[in-house]
Structure formats: structure tokens, C-alpha cells
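What follows is one chain in C-alpha cells, specifically the form predicted alone.
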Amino acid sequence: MTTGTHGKLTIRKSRSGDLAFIESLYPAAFREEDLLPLVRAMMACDEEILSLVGERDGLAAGHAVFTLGSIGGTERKIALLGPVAVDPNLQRSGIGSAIIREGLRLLKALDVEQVFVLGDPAYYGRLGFLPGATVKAPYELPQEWSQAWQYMPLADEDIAGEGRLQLPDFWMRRELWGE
């Protein structure tokens, strides 16, 4: 897999030796949310995810996961972005954005047509994600999260369409989707 370098930041596919960093990163970055069970399940499924680590000056600084999936009833290749975390001491320095952009580039090379995310519209909007995804999340989202469900077309044409996201089992827990 190709790696990308962004200034002093090197972005590469995660390796088994990164697990301790990843397991310490999420509790530090998300103090009010326990993402470790999800992250551990994701990291155990190499073929269904694209897991990227950003290193600044040789030290792990951030992590992002893209989960490969499909839209129910179609052959379309899609991905779900998340979770994304950056060392709290390095947040707001462009690390998360750089890792996400590299992941999008790699996914496009794999012929993934769309990427979805459930997150802050202001942040993800700056990266090119669009509100109003017509493809539904695996479970109904709370109304107050409607603007947070976003998508980005990677194909030459916007194939938004309709349907429901089909993802690996680790994402198929209702509580991950706000219920």
C-alpha cells in the first residue's frame, strides 16, 4: 500500500505494533465515549478496513479507520469513515484532515465510489463531505443527528442513490447509531 507524506507527517497503513498506541489514543481523545470495543473489533478484521496511522516526527500522532461495505441490494463499493482520533496535544494541527485525505485517495484507487461519515458537519464539510445522504445508516438516526450523516462521492459522478448501508458485524450494534 502506498503511504503519503504531509510535511513532517507520514501516513501509513497501521501495523500490529500500533495496537498499543491506538488503544491508548481513543480514551485520551474521546474521554466521554468508550470506542475501544469497536476499535478492537475493527482492528481484528484487516480485510474489511483501511486503517491508517499518522506519524509526526516518527511518533504516532493520529489514527483513522475506513470500513468497506456496500449499499443494500447493489454491487456499489462504499466505505464508512470513523472513528478518527488525534493525540489531544496535537489536535487542530491538520493531522486528522491529512489522514482522512490520504484515506480518501487510497479508497478512490480501490474504486470505492462513496464514503459516508457520521460526524460534525463543520469539520467534515471542510473536507468535502456533503449533507443530505440519501443512503440510510444501518439503523435510524436520532433526528438531531440528521445533519451529521454525510457523504462524499469519489466516483466521477455522484451515485448517491438510495438504500441502506451494509457493513461488517462490528458496526451492526444499534447503540453505535444513537439508540
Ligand SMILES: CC(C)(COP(=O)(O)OP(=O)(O)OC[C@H]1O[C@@H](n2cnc3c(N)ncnc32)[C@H](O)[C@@H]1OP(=O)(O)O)[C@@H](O)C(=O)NCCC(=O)NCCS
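All residue numbers are counted from 1 along the displayed sequence. Note that the coordinates shown come from a computational prediction; the quantities given were computed from them, not determined experimentally.
Beyond the structure shown, there is the form predicted together with the named molecule, which is absent from this document and is the topic of what follows.
Heavy atom contact within 4.5 Å of the named molecule in the predicted complex, the stretch among 22-30, 39-47, 147-155, 132-140: Stretch with heavy atoms near the partner: 22-30.
Just one of 80, 85, 71, 107 has a heavy atom within 4.5 Å of the named molecule in the predicted complex. Which one? After the contact test, the surviving option is 85.
Is residue 111 a contact residue for the named molecule in the predicted complex, using a 4.5 Å heavy atom cut-off? Output for residue 111 is no: heavy atoms all beyond 4.5 Å of the named molecule.
If you check in the predicted complex, is residue 96 within 4.5 Å of the named molecule, heavy atoms only? Residue 96: contacts the named molecule in the predicted complex.
Touches the named molecule in the predicted complex: residue 124 (any heavy atom, 4.5 Å): Residue 124 belongs to the contact set for the named molecule.
Can you check whether residue 120 is within 4.5 Å of the named molecule in the predicted complex, heavy atom basis? Yes, residue 120 lies within 4.5 Å of the named molecule in the predicted complex.
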